[in-house]
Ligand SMILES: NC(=O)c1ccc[n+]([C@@H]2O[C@H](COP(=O)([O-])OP(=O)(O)OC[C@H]3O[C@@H](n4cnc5c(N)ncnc54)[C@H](OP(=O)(O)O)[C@@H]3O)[C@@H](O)[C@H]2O)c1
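Here's a solo chain for you in structure tokens, the form predicted on its own.
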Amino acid sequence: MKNINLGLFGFGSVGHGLYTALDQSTGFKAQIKRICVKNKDKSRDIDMQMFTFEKDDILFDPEIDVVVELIDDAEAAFEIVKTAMENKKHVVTSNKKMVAMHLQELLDLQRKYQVGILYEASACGSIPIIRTLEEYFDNEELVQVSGIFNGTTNYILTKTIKDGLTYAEALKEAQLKGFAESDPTNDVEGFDAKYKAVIIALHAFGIVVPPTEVLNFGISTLNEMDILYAREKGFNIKLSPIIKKTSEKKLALYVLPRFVNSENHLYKVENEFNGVIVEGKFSGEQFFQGRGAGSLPTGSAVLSDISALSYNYQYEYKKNTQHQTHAYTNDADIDIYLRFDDDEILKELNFKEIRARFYSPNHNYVLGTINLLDLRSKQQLLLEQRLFCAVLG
């Protein structure tokens, strides 16, 4: 193990978490040499001599071995990462949008410049799911990976189901605790979970899926009637990405709210915790749980990647390099609950089968089977009408 110098981009919540974790870790030979930030006027709680406002001070410093990228802007982050790798520097990042949007380019950069990029912190917080898929499930055929990939939405849903808060009240509490941003769209509409699922799909199935091709429907249209239905049926509601084989060589990926019963591993995953279920052809189900939100859990995941790089660890992408990739498809049938106002929407959605209908003065819903292609094509209509849909089972 060698002593490594770090160049850090961004000193927000995760950056602080990394600084604290690194400061308190024992037996780990790494130090932050320079931190690049944008705001020159913001006061900092560590020595200002560590900071720079010029990215080239890190990217072209020959003494810096690893660039740690922890900023919010996905495109700016990609330019930083690309330049670092072109300069033969290893990279650690927590930017799930950047990684998901540029997966193929990042694969190509690694192979061209023979440097590594690790991004465990970009998926599921403190759960080491990427390295588990890379090392433990590298040679096993997987059937499905699903779970709770976003701690913010899980916190909100826990508060609505367990504590009886309205969606608006639960969101406000999540914002006060620092789990949700002032603009929570990325979390509550399922974009964050989608980016993580795209990353996990590469390591689980060897496939690069463009995020723009993936349906994500969030929880912002959830209301008290949906919560009442869940309680009456003994369900919990979870925002759950599902990555599953639909045939021998076809793979579907989508993010939707999901009703889960008490026998499901995800039923008792509460508050800001994440949970991941990996189903293998031979090993069956494996369940992983850990904190998915907060500066220290994410900072700890970043630190773990830095430590791995000190031992020259890199992802091997075996399922991608062995050409065992699947073809991505949205042509898959799923069973859903749909709360609606007017029967006309049912004609628009083209359900393959409706098994149950319920009408009341305040609450109409159907349970039925629909094709992802049809649901995806009408997503904007559902949002405009403030309807709510969730996967059954």
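The shown structure was predicted, so the numbers you read here are calculated from the model rather than taken from an experiment. Note that residue numbering follows the sequence shown and begins at 1.
FYI, the form predicted together with the named molecule isn't displayed, but the following is about it.
Only one of the listed residues (385, 371, 25, 13) places a non-hydrogen atom within 4.5 angstroms of the named molecule in the predicted complex, and that residue is 13. A heavy atom within 4.5 Å of the named molecule in the predicted complex is found for exactly one of 37, 50, 367, 345: 37. Using a 4.5 Å cutoff between non-hydrogen atoms, residue 72 counts as a contact of the named molecule in the predicted complex. Within this chain, residue 225 is remote from the site of the named molecule in the predicted complex, having no heavy atom within 4.5 Å. Not displayed here, the named molecule is approached by residue 76 to within 4.5 Å at the level of heavy atoms in the predicted complex. When the named molecule is considered in the predicted complex, residue 357 lies well away from it, no heavy atom lying within 4.5 Å.
Heavy atoms within 4.5 Å of the named molecule in the predicted complex are found in one stretch of 41 to 49, 334 to 342, 60 to 68, 347 to 355, which is 41 to 49.
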